[in-house]
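Quick heads-up: it's one chain on its own, the form predicted on its own, in structure tokens.
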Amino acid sequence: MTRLVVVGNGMAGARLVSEVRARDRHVTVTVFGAETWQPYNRVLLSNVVAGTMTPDQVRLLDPAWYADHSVTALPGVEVTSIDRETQAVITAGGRREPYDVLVLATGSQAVVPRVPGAAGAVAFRTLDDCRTILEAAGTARRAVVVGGGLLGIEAARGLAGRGLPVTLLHLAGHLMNRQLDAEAGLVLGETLAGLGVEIRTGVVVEEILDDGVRLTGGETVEADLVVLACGVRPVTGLARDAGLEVARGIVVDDEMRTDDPSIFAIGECAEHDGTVYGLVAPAWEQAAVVADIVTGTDKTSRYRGSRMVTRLKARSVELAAMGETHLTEDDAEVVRFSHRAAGTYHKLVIRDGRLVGAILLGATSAVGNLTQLFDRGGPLPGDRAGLLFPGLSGSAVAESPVRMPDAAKVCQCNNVTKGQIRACWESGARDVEAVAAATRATTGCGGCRDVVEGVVGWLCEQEWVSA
């Protein structure tokens, strides 16, 4: 009987365990988690800060699930070393757990800038961090968030939504500079400003004080709560100490296997083909591949990389970015629509007749179809305006569930198609919650919920009409 040990019980590790159990009840599974919490959806932590969700609502698996599926779960138990010679992991308390297959799902940790006073700030990464932030926000008069990437924007918006004045500080010249071009960053900043977040870009934090943040040049931004969202780095120390190959992340092949054939790595700690993925969908795809191989369900299963779609999950801000968003007319065909007063900026980047990048800021019904076109890499229709504005006369692209092919991917995080939702509905699932329970659609970032509701609603309407 194969002994599987998983180090890391976050979104990647928890998904792997459930994928393994969906395929095989006989593999012995032990999972260690450094955090004392049961696994939770880290993507939705900004909703906890904003107060729109409780910690219980972001939980992935509860203790009863582990008992029901014969999985030994050890939350709050840190693995400190790997004995590759005897094939065992050793915990901080001295426990030795033997393995036949070891999967590292150690995730990533928050980057804390090396500035005086940083220890007095709160990182935004874990559920414990959320609780610390919310406790401080209850008595704070003003907050500063350092870092204008995804996490920083989500934290700033969440705190502002609670009525707390917030200043967002960012080193680069515009927000989300890795995913957005300068104009999109400008429009996003103006949108956030309208929601109560003061934006300061191109600034350098020199020191974190008891009463605020001092910038280079001497200016102090007042605050009694400072939140750090300065990016993350893969947790690779365990692998490096064990002598495994580590670059930016733990280096793996298409099987997600390290240079030790009995050890795999998945999620934010893994580096595949030179890329470390920081999103949930790739981690869950990797977990499925490893589950196939470990259980023998599909020994030919391989991970070929992911086409990344980034979605901002901040209340009253709709943003999706994918692919090569920084290309200009010198490099590709670019289609743009900008309406700053309405907080709208749309950009398509097209090369060889295929969508290779897109920025969609502001409400639009085009997100679903454009994501599918980007993911499939197929040829685009000639009507470029119709791509951005579905339903225009002559458009070959429409968001209506009637015109979506069954092969269209509705949930990127869980790789769920319209056809799978239809099959689930035909089997008796008549609402979004039932579809989610059967297919996992909407349980990742939640960005596909409106589309899933549309498909389910359309199917229910067709049943009523035919009746």
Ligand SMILES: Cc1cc2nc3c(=O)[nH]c(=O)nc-3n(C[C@H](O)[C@H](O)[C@H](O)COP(=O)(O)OP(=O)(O)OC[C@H]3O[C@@H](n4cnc5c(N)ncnc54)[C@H](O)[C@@H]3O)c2cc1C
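Bear in mind that the values here come from a model prediction, so they are computed numbers and not experimental data. Numbers follow the displayed sequence, beginning with 1.
One more form of this protein exists, namely the form predicted in complex with the named molecule; it is left out here, but the text below deals with it.
The stretch from 433 to 441, 50 to 58, 34 to 42, 418 to 426 that comes within 4.5 Å of the named molecule in the predicted complex, counting heavy atoms only, is 34 to 42.
Contact annotation for the candidate site: V7, L151 and R311 all lie close to the named molecule in the predicted complex (heavy atom within 4.5 Å). The named molecule is not shown here, and in the predicted complex it never comes within 4.5 Å of any heavy atom of V335. With a 4.5 Å cutoff on heavy atoms, V77 counts as touching the named molecule in the predicted complex. Although the partner is absent here, R125 sits close enough that one of its heavy atoms falls within 4.5 Å of the named molecule in the predicted complex. Taking the partner from the other structure, the named molecule in the predicted complex has a heavy atom within 4.5 Å of a heavy atom of G278. Checked against the named molecule in the predicted complex, the candidates S108, T325, T258, T295 yield a single residue with a heavy atom inside 4.5 Å, and that residue is S108. Interface residues of 231 to 250, taken as those with a heavy atom within 4.5 Å of the named molecule in the predicted complex (partner not displayed): V235, L238, in sequence order.
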